[in-house]
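One chain comes next, on its own, written out as structure tokens in the form predicted alone.
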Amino acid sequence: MPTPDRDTLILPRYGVGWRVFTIVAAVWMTVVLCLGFLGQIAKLPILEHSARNLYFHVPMWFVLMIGFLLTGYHSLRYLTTGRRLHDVRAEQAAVVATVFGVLGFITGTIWARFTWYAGTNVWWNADPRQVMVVIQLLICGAYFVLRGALEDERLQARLAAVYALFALTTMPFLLYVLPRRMASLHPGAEGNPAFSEMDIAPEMRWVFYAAVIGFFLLFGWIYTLRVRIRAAELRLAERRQDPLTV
């Protein structure tokens, strides 16, 4: 692995394509929100109008997975090239993905409270899916604890990159494989059909697919902005330490 004494950080550039992407993402998410809150939904037992949460809760988890895939990719790229921009991209992808994961957990907990546990004061019942999600979020959170515990930037980046690859390997097991092998109230678990197997109106499926794309676009927009801001902060700090840096 290349280990340069100083890796001058080059700011990523965004042109007309970035502006077009921003407009498309804004319009797409606006349409998704309107359809999500105002569109027709299938009359599903127990879920009723809470089924609208399908358009928000599930895409948030997809964003978590895609975000950490991106974190893993840039972590691997950092380990093989030593370029700081890959570390910046890996860190910011993890930040945005974890935020969406926490939001997915919150929306899921609220959804369960008013469907599975309706008529009770229960907010948490240690459902296997909920437990696995908490474990995964703790693993994601440990990534930032590790980064914050080290002062040496290069050592921090290397260890964080290795840990990110480990965290990525746990995700399919904790969020997909194990929950599907255990009895749970959550759709897709053993003995409980997934949404794809339920009688959901076609128009609801199309809104769901649009919502997934919309949340991916939202993730890309936030992630790109954070990368540029973080890279600019590091570049400014670099120039303050060495005024001769171009």
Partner chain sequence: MDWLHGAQAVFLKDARLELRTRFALNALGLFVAAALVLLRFALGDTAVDAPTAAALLWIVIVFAATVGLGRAFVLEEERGTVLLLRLTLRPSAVYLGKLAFNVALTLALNAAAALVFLVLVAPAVHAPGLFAATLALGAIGLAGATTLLSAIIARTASSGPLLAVLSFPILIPLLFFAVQATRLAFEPGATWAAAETDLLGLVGYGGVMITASVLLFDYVWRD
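Positions refer to the first chain, counted from 1. In this text, all values refer to a predicted model and were calculated from it rather than measured experimentally.
We do not show the form predicted together with the partner chain, though everything after this point is about it.
Put simply, of Leu103, Leu79, Ile110, Val95 only one has a heavy atom within 4.5 Å of the partner chain in the predicted bound form, and it is Leu79.
Each of Ala142, Val162 and Leu174 comes within 4.5 Å of the partner chain in the predicted bound form, counting any heavy atom.
Taking the partner from the other structure, the partner chain in the predicted bound form has no heavy atom within 4.5 Å of any heavy atom of His86. The closest non-hydrogen atom of Ile135 lies within 4.5 Å of the partner chain in the predicted bound form. In the predicted bound form, at least one heavy atom of Phe166 sits within 4.5 Å of the partner chain. Within this chain, Thr170 lines the site of the partner chain in the predicted bound form, having a heavy atom no more than 4.5 Å away. Within 4.5 angstroms of the partner chain in the predicted bound form, the stretch 145 to 161 places a non-hydrogen atom from each of Val145, Leu146, Ala149, Leu150, Leu155, Arg158, Leu159, taken in sequence order.
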